[in-house]
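A single chain comes next, written as structure tokens; it is the form predicted alone.
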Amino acid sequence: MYRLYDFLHSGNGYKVRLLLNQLQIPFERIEMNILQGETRTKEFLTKNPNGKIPVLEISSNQFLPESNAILFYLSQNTAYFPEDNWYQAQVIKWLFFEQYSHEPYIATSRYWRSILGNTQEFQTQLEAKQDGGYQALQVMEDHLQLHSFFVNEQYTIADIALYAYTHVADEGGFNLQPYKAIKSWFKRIEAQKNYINIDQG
């Protein structure tokens, strides 16, 4: 059985929990309190030298970190990853977009505001994150005005990766009200079979 080293409030951990649940794959979830340094211990660093969650333990000597790499691994030969090479590349494109153009703004802001709960200390950095976050949201909005999902009108791991932090972007101080296409996309994802909320372990 897989083991998932996770932090319940993490959107990156949620991505993996959501896909595992939708695939109906049993797993053991191991909570790692990142606020108390539990991912910086000598023992955990043998699993992921980068000291971050999530980490999927595949076997006693196989540990896979990085949420989008885990999504890729789990989705092979399933409906959540296309068979066609072009559409596979489109999924990977959106996974890179999520990590480099989306998460650094939206996820980081949420972490500072809602998990650390310290907006005063990070106020300058939060303000600096606004433009990049809204640019990412607009890219998504423009795409979703023309498409039901991000790749080939099919619910894939690209949607899971982007949904995880987008649907809680308001917790990072982003106003989602103007983004009608994104909000409609939320509903389509939440209607998927075996959907779970971010706070479900």
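Values in this document were obtained by computation on a predicted structure and should not be read as measured data. Position 1 is the first residue in the sequence shown; the rest follow in order.
Another form exists, predicted together with another copy of the chain; not displayed. Remarks below refer to it.
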Joint contact, 50, 96 and 139 to another copy of the chain in the predicted bound form, by non-hydrogen atom at 4.5 Å: yes
Per-stretch contact check against another copy of the chain in the predicted bound form, the hit in 169 to 177, 64 to 72, 146 to 154, 24 to 32 (non-hydrogen atom, 4.5 angstroms): 64 to 72
Residue 120, heavy atom within 4.5 angstroms of another copy of the chain in the predicted bound form: no
Close approach of residue 135 to another copy of the chain in the predicted bound form, 4.5 Å, heavy atom: yes
4.5 angstroms heavy atom contact with another copy of the chain in the predicted bound form for residue 85: yes
is_contact(residue 126, another copy of the chain) in the predicted bound form, heavy atom dist at most 4.5 Å: no
